[in-house]
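We begin with a single chain expressed as structure tokens, specifically the form predicted on its own.
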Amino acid sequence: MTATAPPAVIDEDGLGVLVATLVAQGRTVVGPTVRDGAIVLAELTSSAALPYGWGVDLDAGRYRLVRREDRAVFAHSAGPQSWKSWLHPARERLWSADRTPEGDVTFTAAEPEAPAYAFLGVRPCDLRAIAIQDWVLTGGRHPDTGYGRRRRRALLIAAECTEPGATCFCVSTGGGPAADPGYDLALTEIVDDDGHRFLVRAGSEEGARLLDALPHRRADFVTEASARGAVDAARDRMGRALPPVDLRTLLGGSLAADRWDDVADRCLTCGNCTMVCPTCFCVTTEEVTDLTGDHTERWQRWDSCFDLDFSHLHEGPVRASPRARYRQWLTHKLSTWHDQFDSSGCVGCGRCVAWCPAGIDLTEEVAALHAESGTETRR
């Protein structure tokens, strides 16, 4: 079988064999599971740990698990984590330095062997987020070598979206519930009168070899039509949408808008939105020295543009007010990101809406800015 081979179908047992095969290959399989009242991403040793029969109830500042009447595995929208937790971890040692008895200092780069990850259940929005992070973290003159090592060995098994959440808006960011290229395998889950099964497409030679090792049958017309119908229906059931305007121009022309004061009154500047965002990539570094002073380490950790220290220069933070910091985040995400990376920085996964403790809704804020811009135009 090749990457251009026709789609195939596997059943629940085939999904189990898929996980078992990946584990037997020595891969670290990461996928969705239920833990602590949420569907989280964690290492899996068998398909039994997948969230069979669980869905989620979402809204701004709200996330609840709900039981489903079927045994669907991937019928849930994005949880609190994204794959950047593995590809671009929250904390990573960069190097260490040791002073010898003679007073010399030796430096040792931390270059651990990257795990051979297999990410199971990558949603299309997150597939796009990984593509953005690839560009940001490995596409410039100073690539993140740790990210590059992990990314090169990661196998991506996408799960097309058939059950968008109330906070999802990927279609209005230029994406959609169908998987873009970039996956090794793409699954589309179907649960109907013909049974519980998965349409599988290979997107790479490695994915094709993996599919060839699974018990499968060639996709039939009914299964392919059901899969496409489920994805098309999801496209029409997005819970939210951004205004259908040129967001780059709207945000760039709204720097003095009154709406920034309104959202600043509600924003806690906690940075939750940046922590859960699958494309936010900002980091800072810190040195940690032991009590002898002979050994020190440099660690890289996630940082947030909502943190006062993030923009601190010699006389204080450049963006001292919540208004300035929220405006920086939203304007960068939807407007100036285009100048840096030739794309939007938002994939419409809705995590920033669901996991904001103040329930601030990015789509609502952009709509308000759009409305205010119209008011300004009419004055």
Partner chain sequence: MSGLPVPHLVTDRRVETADTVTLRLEPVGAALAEFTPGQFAMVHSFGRGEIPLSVSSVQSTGGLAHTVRAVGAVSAGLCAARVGDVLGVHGPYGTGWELERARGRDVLVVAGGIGLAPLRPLVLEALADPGGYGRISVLVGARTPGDLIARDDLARWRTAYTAVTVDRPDAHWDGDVGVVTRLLDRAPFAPERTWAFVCGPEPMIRATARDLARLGVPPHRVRVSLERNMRCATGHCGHCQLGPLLICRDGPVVGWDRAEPLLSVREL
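Residue numbers count along the first chain shown, from 1. Being a predicted model, the structure only gives us computed values, none of them experimental.
There is another form of the same protein, the form predicted in complex with its partner chain; it is not shown, and what comes next is about it.
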Option touching its partner chain, based on a heavy atom within 4.5 Å in the model of the complex, out of 225, 268, 90, 109: 109
Position in contact with its partner chain when the complex is considered in the model of the complex, options 194, 232, 287, 246, heavy atoms within 4.5 Å: 287
Test of understanding: in the model of the complex, would residue 281 fall inside 4.5 Å of its partner chain by heavy atoms? yes
Taking its partner chain as it sits in the model of the complex, is residue 48 near enough to touch it, meaning that at least one heavy atom pair lies within 4.5 angstroms? no
When the contact criterion is heavy atoms within 4.5 Å, does residue 236 count as touching its partner chain in the model of the complex? no
Give a yes/no on whether residue 85 approaches its partner chain to within 4.5 Å in the model of the complex, heavy atoms considered. no
TL;DR on 177-185, 116-124, 141-149, 76-84: the one with heavy atoms within 4.5 Å of its partner chain in the model of the complex is 141-149
When its partner chain is considered in the model of the complex, the residues of 328-344 having a heavy atom within 4.5 Å of it are 328, 332, 336, 339, 340, 341
